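Next up: a single chain in structure tokens, the form predicted on its own.
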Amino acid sequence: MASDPGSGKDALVYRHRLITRLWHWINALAVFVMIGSGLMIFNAHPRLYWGHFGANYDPAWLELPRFPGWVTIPSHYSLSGARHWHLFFALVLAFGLLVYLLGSLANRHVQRDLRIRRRELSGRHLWADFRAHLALRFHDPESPRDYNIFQKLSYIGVLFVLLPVLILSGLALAPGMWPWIADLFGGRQSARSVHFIAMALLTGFVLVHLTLVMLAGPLDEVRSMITGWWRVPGTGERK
């Protein structure tokens, strides 16, 4: 649904359905709390290993300084407090993702908006989209409602790879719960490493996402994620 760009008024398209908007904001809160509380949990032992076991005197593949209080939840050292925050919002994240995916399959959001066409993976198309990004053009003027190929690839990667890996590796870390899940990762310490790497990748996605929102026009982007309606950039100048 869209207004007529040639009318001299802003061209509006209905871009985000209610379930997408609800999940976006609930998930944003869950991810924010889980990253902060996860970093606090990591601070209890800021070393990562591969395999089933790992302790102070074992060689670590990664050792980091403890994260400062301004990026952790809570901001003061509290392992039990961080675990409470982390486990509660893990449930929010997991069940929220399940409901969102089922709803998005039912309303055909996944099939309609995230389906990748073969021509979109051609070198010419990827290069053209990359150049458009460099010029800060993030939508197709002929079809402004459609996601570009980089949006599709990143959303598919997060929805169907990154978040499931985070949830599965998190379950592997729960003491006494389904030990076979830890075996899938090659051991509990491997699962902890994968969980940390997936968290780092998700943090990178969030930072890139926020940067692109700022470049694309934060007011319009945030408004569309609240109301569902998105103003096509450039059409307002025709007034």
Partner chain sequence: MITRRNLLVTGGATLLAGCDSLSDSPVLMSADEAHHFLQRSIVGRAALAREFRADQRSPRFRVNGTANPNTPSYSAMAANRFVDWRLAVDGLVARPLSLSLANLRSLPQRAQITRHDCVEGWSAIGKWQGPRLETLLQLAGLRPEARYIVLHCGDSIAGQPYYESIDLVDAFHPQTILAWAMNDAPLTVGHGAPVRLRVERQLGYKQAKYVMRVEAVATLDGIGKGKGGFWEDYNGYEWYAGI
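Positions refer to the first chain, counted from 1. If you're wondering where the values come from, they're calculated on a predicted model, not measured in any experiment.
Just so it is clear, the following notes concern the form predicted together with its partner chain, a form of the same protein that is not shown.
Residues within 4.5 angstroms of its partner chain in the predicted bound form, judged by any non-hydrogen atom, belong to 89 to 97 and to none of the other stretches in 89 to 97, 122 to 130, 102 to 110, 140 to 148.
A single residue from the set Leu62, Ile26, Ala44, Val208 has any heavy atom within 4.5 angstroms of its partner chain in the predicted bound form; that residue is Ala44.
Taking the partner from the other structure, its partner chain in the predicted bound form has no heavy atom within 4.5 Å of any heavy atom of Arg115. Though the partner is left out of this view, His195 does not reach within 4.5 Å of its partner chain in the predicted bound form, counting heavy atoms only. For Phe67, no non-hydrogen atom is located within 4.5 Å of its partner chain in the predicted bound form, even though that partner is not displayed. Though the partner is left out of this view, Gly204 does not reach within 4.5 Å of its partner chain in the predicted bound form, counting heavy atoms only. No residue of the trio Phe160, Ala200 and Gly217 has any heavy atom within 4.5 Å of its partner chain in the predicted bound form.
The partner is not shown here, but in the predicted bound form the stretch 39 to 61 reaches within 4.5 angstroms of its partner chain through a heavy atom at Ile41, Ala44, His45, His52, Phe53, Gly54, Ala55, Asn56, Tyr57, Asp58.
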